[in-house]
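Listed next as structure tokens is one chain, alone, in the form predicted alone.
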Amino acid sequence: MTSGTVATFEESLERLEVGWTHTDAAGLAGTLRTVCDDPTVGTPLPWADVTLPDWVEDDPTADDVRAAATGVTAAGIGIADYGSVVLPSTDDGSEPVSLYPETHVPVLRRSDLVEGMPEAFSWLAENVSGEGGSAIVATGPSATADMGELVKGAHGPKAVHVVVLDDADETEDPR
């Protein structure tokens, strides 16, 4: 991952009208507080040094997910050329948490940004394929024009805000 990859990812997110925030592990709770509406549900983040704040229900029931305004999940990778995030299916329900609430907040590490689809397919082959693994490649808010005008939120969240976790030495200038 190069600094150009980060800039390309941000440009792609802008094209999709998707917000993003850079932070570090220590700043994650404050960042989430500014981009999440209550009630918020989430799935545990897979990194040892990063946890969701207490006000995020990280073991949600189906009723919690239906009532949630925001869902927070980890993303496996971000694809810079498209502004996409890859959301591996997990046993703790990352798919419904990412799809049902009106806003989805995927969290990924800066080092998990890849340039394009060739790198994404390599990551998928290594991390998702086999043993029934699956993943969602999400590009911006859900939208459809099947009924004429563009309708957001038809098959998933109406809004997306990506949180990029920078390593401690990357927070000064993320580009």
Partner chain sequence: MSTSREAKAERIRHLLETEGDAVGQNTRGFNTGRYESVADLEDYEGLKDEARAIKEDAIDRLPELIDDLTEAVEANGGTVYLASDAADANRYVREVCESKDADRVVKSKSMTSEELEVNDELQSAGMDVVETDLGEWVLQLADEAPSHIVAPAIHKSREGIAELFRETFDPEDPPETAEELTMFARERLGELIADADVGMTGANFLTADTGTMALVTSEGNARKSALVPDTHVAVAGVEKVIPSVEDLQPFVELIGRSGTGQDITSYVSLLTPPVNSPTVDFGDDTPLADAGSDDREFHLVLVDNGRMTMREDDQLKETLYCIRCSACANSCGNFQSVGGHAFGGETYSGGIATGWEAGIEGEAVAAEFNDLCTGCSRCVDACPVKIDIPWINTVVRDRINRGESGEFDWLVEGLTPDAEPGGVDLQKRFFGNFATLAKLGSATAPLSNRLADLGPVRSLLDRTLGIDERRDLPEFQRETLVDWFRARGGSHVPRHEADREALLYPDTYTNHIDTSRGKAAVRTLEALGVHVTVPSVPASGRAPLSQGMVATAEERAHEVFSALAEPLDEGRDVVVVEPSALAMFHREYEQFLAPASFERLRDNSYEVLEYVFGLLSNGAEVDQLAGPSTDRTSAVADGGASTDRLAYHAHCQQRTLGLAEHTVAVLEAVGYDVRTSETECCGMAGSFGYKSEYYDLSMDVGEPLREQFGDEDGRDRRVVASGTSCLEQLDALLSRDATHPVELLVPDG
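Rigid core here is just the name for the largest C-alpha set that superposes within 1.5 Å across the two forms. Numbering follows the first chain given and starts at 1. The structure presented is a predicted model; accordingly, all values stated were derived computationally and were not measured.
In what follows, reference is made to the form predicted together with its partner chain, a form of this protein that is not presented.
Colleague: Since only the chain is shown here, I'm wondering whether residue 134 would be in contact with its partner chain in the predicted complex (any heavy atom pair within 4.5 Å).
Modeller: Yes, residue 134 sits close enough to its partner chain in the predicted complex that at least one of its heavy atoms falls within 4.5 Å.
Colleague: Quick one: does residue 121 come within 4.5 Å of its partner chain in the predicted complex, counting heavy atoms only?
Modeller: Residue 121 belongs to the contact set for its partner chain.
Colleague: With the cut-off set at 4.5 Å between non-hydrogen atoms, does residue 60 touch its partner chain in the predicted complex?
Modeller: Because a heavy atom of residue 60 falls inside 4.5 Å of its partner chain in the predicted complex, the answer is yes.
Colleague: Please determine whether residue 76 contacts its partner chain in the predicted complex, using a 4.5 Å cut-off between heavy atoms.
Modeller: Outside the cut-off, so no.
Colleague: Given the stretches 105-113, 25-33, 125-133, 45-53, which is the single one in contact with its partner chain in the predicted complex, using a heavy atom cutoff of 4.5 Å?
Modeller: Stretch 125-133 is the one.
Colleague: With both forms fitted on the core, give yes or no for whether the Cα of residue 132 moves by 2 angstroms or more between the shown form and the other one.
Modeller: Moves: yes, 2 Å or greater.
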